[in-house]
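Shown below, as structure tokens, is a lone chain in the form predicted alone; questions about how it binds or moves come after it.
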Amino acid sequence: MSATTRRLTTAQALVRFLSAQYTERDGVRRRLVAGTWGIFGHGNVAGIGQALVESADVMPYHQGRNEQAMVHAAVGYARQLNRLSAQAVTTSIGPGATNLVTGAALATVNRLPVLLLPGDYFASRAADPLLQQLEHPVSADVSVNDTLRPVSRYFDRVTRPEALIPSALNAMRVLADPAETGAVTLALPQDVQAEAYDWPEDFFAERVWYVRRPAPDPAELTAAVEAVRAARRPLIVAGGGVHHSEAEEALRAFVDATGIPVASTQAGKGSLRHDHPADLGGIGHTGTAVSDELARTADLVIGVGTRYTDFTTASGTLFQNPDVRFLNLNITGFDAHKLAARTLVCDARTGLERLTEALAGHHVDEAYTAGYRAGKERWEEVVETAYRAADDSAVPTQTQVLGALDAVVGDEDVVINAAGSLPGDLHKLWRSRSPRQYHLEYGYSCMGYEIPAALGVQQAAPGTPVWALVGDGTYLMAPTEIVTAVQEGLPVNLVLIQNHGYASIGGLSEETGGERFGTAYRYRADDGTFTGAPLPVDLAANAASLGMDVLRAKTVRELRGALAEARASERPTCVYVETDPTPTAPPAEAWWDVPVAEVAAREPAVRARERYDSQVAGRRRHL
């Protein structure tokens, strides 16, 4: 070996390369790949596994229990750090690799970086077919890892050691680029992982990937300023891009200067503190009354870092002003051009700062300001009603659980959720105190995300109280990473709400003519339906068996005490509560399109189709 090369296996070289990669933004430098989650099998145990043992001084290793959950943990970590630092996930070939697909889709949908390193079949075809190999009769180069192609922002199969060099560099480029990032997959044939090569020393040199803050084009900025000045009822829709670019202060300065109110998507909630007079809360199907009322009459909608999902637009029925126009500030042209908008393709913070400067002296009419502030006050009364319990000795409703948690958390706490009926209640009711407090994964709304994501957030923010809020349906999807939390001493808090089934989908099923079919956790009745007694499961005992401290709360008073005790604990703690199913959340203020059977023999579906036809008539295509 010459003085300018180093003889290592491909796996050893990859781990050493990853340990020397950094991001830098605004003068702050972070490890780009700060650690690796792994479950080992015959596709990676002797390759990446051996390399991680040998490189434990430079690459922290985290032991996971489920491949999908490991991706969720890595995604939670990256989101907490505003996409400036990520983690890698390694698995064996076969089922270990395909278990990554759901997590990869979640990462890419939410524009969050994660590096996936699944094992793959022999590049040499020396063993063919090998254990767990999918044999494709006409495409011999296809492996199960190809299922990761459509959910990855970058994919490569490294079939020779030297091919790792351009592949690894491209992988880092995509992970660090805020306009491109998502899941990145390097499929690693197990024989190539163990193959030695003389690597150039420059491959292992420290490398910094600068995260850009592109400024808006001057012509686009001029057009944007004209649009804002001409608007009489402008409304900002804040998306996750506000948080990713750390643009919260720039947004507040823009709002303070112009008086334009802010409604937030699930990913954007917390862009302003809940008590800022211009913060109107959530928008869309799960939005507040004041947000959705303004959205219907807005003549200019200013989207900042949002993807405009169907929940945000109420499936195209929300923005009803005949003269409404859109101005989208986004770092990706793909998202900026949605809804036929005028565009500002730029970093959110930079773009807001330039807009504020260019709009100096401009402010919306005081009557408009007074109107939305009055609406905000009315909604606060709705929140208080939903949170308040008339009897502390009663079984709490779900919204009263949120009220009890609201009374316990501090500004620094992080509340995590993804699926079920909780996202709607949280979007409408939660009072976000800081930019990172509200952590809702609603791009993919993936059941099972919350507990592993809490581990990633806790790793990224040690000392921060972290809460994973889950219902019984979500808990049963992926409780396995409780074991990892106990093993690693991560004091995450789990609020486990037992309501005996899928409450959210049960309600949706009833609304759309499905009659709550298959949505309850109950015994079969004599007629064969699942309408018997609730199943006698004890999820609190299950959490305890996995190593968590468990606090059972039967009343509102007991719940408040349990939450306070959990927050003070230094161990992983579960607060278990069975809730009163009586609906106490405010109803939806906007529609969501879930197609209903056009013909049906049962009356509930016939009535549901009539309601559907009346709602879908309000859909618009914004051109």
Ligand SMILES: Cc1ncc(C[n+]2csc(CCOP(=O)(O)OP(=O)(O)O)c2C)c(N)n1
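Remember, predicted model here, so these are calculated numbers, not experimental data. One-based numbering along the sequence shown.
If you look for the form predicted in complex with the ligand, you will not find it shown, but the lines that follow are about it.
In summary, the region of this chain contacting the ligand in the predicted bound form, judged by heavy atoms within 4.5 Å and restricted to 234-242, 361-369, 413-421, 214-222, corresponds to 413-421. Within 4.5 Å of the ligand in the predicted bound form, a heavy atom is found for not a single one of Pro491, Ala544 and Ser569. A heavy atom within 4.5 Å of the ligand in the predicted bound form is found for exactly one of Ala540, Ala503, Met548, Ala278: Ala503.
Between the options Ser434, Thr159, Thr531, Ser445, the residue in contact with the ligand in the predicted bound form by a heavy atom within 4.5 angstroms is Ser445. Looking at Gly471, you'd find a heavy atom of it within 4.5 angstroms of the ligand in the predicted bound form. Although the partner is absent here, Gln132 is not a contact residue: none of its heavy atoms lies within 4.5 angstroms of the ligand in the predicted bound form. Among heavy atoms of Met477, some come within 4.5 Å of the ligand in the predicted bound form.
Interface residue remark: Asn499 is counted as part of the site for the ligand in the predicted bound form, having a heavy atom within 4.5 Å.
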